[in-house]
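Take a look at this single chain, the form predicted alone, given in structure tokens.
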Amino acid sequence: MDPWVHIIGGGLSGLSLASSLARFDDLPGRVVISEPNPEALASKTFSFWFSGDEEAFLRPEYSSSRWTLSDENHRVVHQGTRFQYGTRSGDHFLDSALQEIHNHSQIDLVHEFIDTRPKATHCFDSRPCAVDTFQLTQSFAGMEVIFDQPHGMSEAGLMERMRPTDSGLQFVYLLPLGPDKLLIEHTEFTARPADFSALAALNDRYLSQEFANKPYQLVRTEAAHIPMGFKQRAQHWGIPLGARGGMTRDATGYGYRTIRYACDQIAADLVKYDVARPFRRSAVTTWADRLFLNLIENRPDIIPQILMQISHRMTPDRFAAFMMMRSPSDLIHMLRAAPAKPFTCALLGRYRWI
């Protein structure tokens, strides 16, 4: 018999939906996840802001109430009160999801690649989209290292040393994963996908300059191209999930929190009503992200200045809420903090006036 639910892809979104379904003891039918290499998820890292009542569901392994942004001349330090910045490793999420799936008799993970839409009552497509369909690309290469002694960092460096490039924006992302462990990622928001080897070389240079007297060992590396908007709509085999389904924020690339909650709601609707509804971003979020992406494309030279002013003028909790766009009011607070001229000119399509 054909499955009741078939999930194509066993990454974060595919396994999120499967693990949410696994919380129901009795499902209307069989669930199949098709993924040739689920272990690839173990090399990824997911970060997000969360409030206290979300911690049990989102399950951060590491968290900090402090985060920073900087350009060549200034640095802003935020101390959150309502929100903390959390991180969960792909390895931690994978182990948890696989255990939940293994314990449910109606859910099967099949190590397979499929090239046609499967037959099922409900089909969900979480395959990665081709990079050439992205409007802009968030390219990053990261190194997780462990030092022989404490590294001395307590806050998350969200966007450090921001600087414009010919095709976008470059910065370094610094994430403490304990007193002696650190994740370092050089990142570009770019019109052309960046060279991973060049970004990795910047990581090596940063470590040699900033931690010259602190020996370290390499734990792992990671690299990816994340979509920041799409130039064209992909063809889906059923209902799209994850980045394919618009669950990652176009302007920032953050997606873990949205994916977890969206997939949990989809699972509840499936079990209760036998209905699957695609995720829909708010029109306000879509509009605001498109405006920001157009600014990056046309005037990357002013992006560090804009981001520094926004982070300086917004309270830490409002900044965190805006980065996740938890409600339309978050956009209002951002526009009040942002310099008026760039966004006004962007609305008019007159980027040379900025």
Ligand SMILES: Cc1cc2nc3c(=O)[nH]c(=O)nc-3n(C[C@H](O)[C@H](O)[C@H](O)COP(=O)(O)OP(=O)(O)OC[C@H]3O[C@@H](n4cnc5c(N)ncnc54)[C@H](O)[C@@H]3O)c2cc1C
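Nothing here was measured: the structure is a model prediction, and the numbers come from that model. Note that residue numbering follows the sequence shown and begins at 1.
The protein also exists as the form predicted in complex with the named molecule; that form is not presented, and the subsequent description refers to it.
- Using a 4.5 Å cut-off to the named molecule in the predicted complex, each of Gly14, Ser34 and Ala224 places a heavy atom inside that distance.
- Using a 4.5 Å cutoff between non-hydrogen atoms, Gly9 counts as a contact of the named molecule in the predicted complex.
- In the predicted complex, the named molecule sits within 4.5 Å of a heavy atom of Thr248.
- Within this chain, Leu136 is remote from the site of the named molecule in the predicted complex, having no heavy atom within 4.5 Å.
- In the predicted complex, the named molecule stays beyond 4.5 Å of every heavy atom belonging to Leu94.
- Checking His122, Arg161, Lys214, Arg127 against the named molecule in the predicted complex, a heavy atom within 4.5 Å turns up for just one residue: Arg127.
- Interface residue among Leu41, Met314, Ala288, Ala320 relative to the named molecule in the predicted complex, by the heavy atom within 4.5 Å criterion: Leu41.
- Proximity to the named molecule in the predicted complex, taken as heavy atoms within 4.5 Å, picks out 44 to 52 from the listed stretches 291 to 299, 305 to 313, 44 to 52, 65 to 73.
- With contact defined as any non-hydrogen atom lying within 4.5 angstroms of the named molecule in the predicted complex, the stretch 267 to 305 contains no contacting residue.
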